[in-house]
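We begin with a single chain expressed as structure tokens, specifically the form predicted on its own.
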């Protein structure tokens, strides 16, 4: 089967670079946090042909989780993070709760190891700045493992936009439905979706995916937002919203509707559509061929018809594994060839800023601009936006039956 490769490839053919005493052929990674995300990353590398990544150590504060993961993946386990960082690993793959991102990044950078860390970049914009400063000071690379930014299907969409197949994009929508067990919201002892450890609800958890992807696809920046937050489950006030709707206005004029939920009852899925002056693109992670493109641009191979390019993809959970492999091997390539990641820490921070703009708009009860947010942040820290947010969230559960 012919696989479609976007012209803006994330890979280079030369995966080796000369170092003292020979060539570096692969990067030794230590995994910090051995939960569900670690399963996807390790499975991705297991399925790679001649990978430039080797997982040579792992650590988790939960000893049972650590032992199970270590044995099943045959990756040596370490008794502490310090012990792992003292080993000969080149980089750390950090897969921990959001509130630990900045602290662990600082420790990893101080140990002289490169940092690949799951989204969102951090709990606050100030922590994002700290992570950038800490890694820069240590002379190590930093990249956020944002799987939507590295999914091959999204590379196809980026390529279509870049080639002008859609013309000027003026309208779009994107959706993520990630059904979670009710306990994720109802149990106050689970950190997920809490304000103090998760950063917020479904919007803070899932929204960075969408913001990072949209900013990249549109090659533009958000200038204003409207936002509605809701709870379909009677979760405690320490937990954030389980559904959110955000309307974004971009600098290039595009109007985008972003909807995320962790309570919609269906298998996890994502979908995106963009409409421009020359055509449209439709994408759904649940399709075997996830992208459909229509263009009226003349003299193209598939003018005036819907076309679904062949691209590496698999419906959930397969696309998680694919994206993990792409981002891990890409970051390793950046280390091997000493180049800065195309997906920069600043871009990852911008995705977090977009989320804070949405929360700011929800709290304000009307459209908020990025300029307003910047002015607010001159006198307040970003975390202050989240104070009293539970009072803003629409409580829908009173009239619902599960």
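Since the structure is predicted, the reported quantities are computational estimates derived from the model, not experimental observations. Residue numbers count along the first chain shown, from 1.
Beyond the structure shown, there is the form predicted together with a small molecule, which is absent from this document and is the topic of what follows.
Student: So, in the predicted complex, is residue 192 in contact with the small molecule at a 4.5 angstroms heavy atom limit?
Tutor: Contact check for residue 192: yes, within 4.5 Å of the small molecule in the predicted complex.
Student: Tell me, yes or no, whether residue 96 is in contact with the small molecule in the predicted complex, where a contact means a heavy atom of each within 4.5 Å.
Tutor: Heavy-atom contact with the small molecule at 4.5 Å: present for residue 96.
Student: Since only the chain is shown here, I'm wondering whether residue 35 would be in contact with the small molecule in the predicted complex (any heavy atom pair within 4.5 Å).
Tutor: Residue 35: contacts the small molecule in the predicted complex.
Student: Mark residue 242 yes when one of its heavy atoms lies within 4.5 Å of a heavy atom of the small molecule in the predicted complex, and no otherwise.
Tutor: Because no heavy atom of residue 242 falls inside 4.5 Å of the small molecule in the predicted complex, the answer is no.
Student: Using a 4.5 Å heavy atom cut-off, which of 328-336, 272-280, 288-296, 96-104 contacts the small molecule in the predicted complex?
Tutor: Going through the listed ranges, the match is 96-104.
Student: Tell me whether 51, 90 and 343, taken together, all sit within 4.5 Å of the small molecule in the predicted complex, counting heavy atoms only.
Tutor: No: none of 51, 90 and 343 comes within 4.5 Å of the small molecule in the predicted complex.
Student: Looking at 172, 200, 120, 155, which is the one with a non-hydrogen atom within 4.5 Å of the small molecule in the predicted complex?
Tutor: That would be 120.
Student: Taking 4.5 Å between heavy atoms as the contact cutoff, choose which of 376, 59, 26, 360 touches the small molecule in the predicted complex.
Tutor: Of the candidates 376, 59, 26, 360, 59 is the one lying within 4.5 Å of the small molecule in the predicted complex.
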